[in-house]
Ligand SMILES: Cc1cc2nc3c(=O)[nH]c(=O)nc-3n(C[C@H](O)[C@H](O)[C@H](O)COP(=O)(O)O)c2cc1C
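Only one chain is shown below, in C-alpha cells, and it's the form predicted on its own.
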C-alpha cells in the first residue's frame, strides 16, 4: 500500500492517544516543516519533456501502492518500451515468501505509469515478459495527450489507516468504481453485507494473531518502521508512525514502546474497530496463480483505489487473511472462489485524510 499494499497496523496509536489530522497539508506540517516540505516535493505534479520521458513516468509510478512502502521496483527504457523490474533487495520474505505482493506492487506502479504516459502524449500497452525476465513491460505509441480522471486522483490517493464513518456508499459510485477496476486476468468481489464482513473479520483476526505471535514477522515489520521525521526523511521508505497519527519519537523509545504495546489483543481490537467502521471490502482475485496475474490484480487494485479516491472515498489494506495460507484458503471458500487466489483486500469508506508517506528520489529507481 504510507500507501503500502501491506498496511501494517498502527502499532502505538491506542497506547499513545494521538489524534488524526484534518487535511493532508495540515497533517504533514503538523509533523514538522521538514516532513511537510518532503511530502510536498514527492506528492506534486511535474511536467514531461516529451512523450517518452522516463523520469516523468517513474515519478507518477512510484506514487502507487506498494508492500510495506518498500518501493521494490526498478525502471528502465529501451526505445519506446518501459520495463518495471522487481528489486529483490527490498523484499519482505516473511510476510511475502512467494513475492506475490511484490509483483502486485509492480502492477500498481504500471497502472500509474500508463495514466501518466497518456498525459505526455503516449498510449500505453501493459504486458508481462514471456522470456523469463519476470518484469512488466509497457509499450508506448504516439497518441493525443489526454488526462484520464484517474490520473487526477494519483496525488490524492493514499492508504488511510484510521477509523471510517461507516456511511453507506451510493450504488452509482460503487458501480463506477467497480467498473474502473476491470482488468483482464483479475476479478473484483465487493463485500458490503455486515454479516459477511463479520465472517471476514473472524478470519482476519485469526490471521492477524498468527502473524503478531510470529517473532520473524515482528522482526521484519520492525525493520521497516520509521519512528520519527528524521528516520522517515532520511530513508524515504518504510512505515512512518506519523502517517497513522502517532507522534514522532526517538528510535530507541519507538522501538521500546513497539515491543511493549504490540500484541495480538491490541492489534485485533483495532482491526475489528476499523473493519466495522468501513462501508465495505474490495477483494481482488487472480484468475490464475502466477506472476503475470498477480500483476493484473495489482493493476485492478490501483485502478479501484484511484476511482474511489476520485469519488471522495478512502481505503486501506487489510491483507492479513491472504498473507497466511490457511486463512487464505478459508477465505477463498467463503467467497466461493474455487481454486482462484484472493490477492488483496481493501476496506473502503469515508474518512478524513492522514499524512502521506514519502518515496525515494526517482533517480534511485531508474537503471
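What you see is a predicted model; the values in this text were computed from it and never measured. Positions refer to the first chain, counted from 1.
If you look for the form predicted in complex with this ligand, you will not find it shown, but the lines that follow are about it.
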Q | Candidate stretches 150-158, 86-94, 278-286, 247-255, one within 4.5 Å of this ligand in the predicted complex by heavy atom | A | 150-158
**Q.** Three-residue site 69, 101 and 104 fully in contact with this ligand in the predicted complex at 4.5 Å by heavy atom
**A.** yes
(Q) Would you classify residue 35 as touching this ligand in the predicted complex, given a 4.5 Å non-hydrogen atom cut-off? (A) no
Q: Considering only heavy atoms, tell me if residue 43 and this ligand come within 4.5 Å of each other in the predicted complex.
A: yes
Q) Does at least one non-hydrogen atom of residue 331 fall within 4.5 angstroms of this ligand in the predicted complex? A) no
Q.
Contact with this ligand in the predicted complex for residue 239, defined as at least one heavy atom pair within 4.5 Å: yes or no?
A. yes
Q | Those residues of 335-367 which, in the predicted complex, come within 4.5 Å of this ligand by heavy atom | A | 344, 357, 359
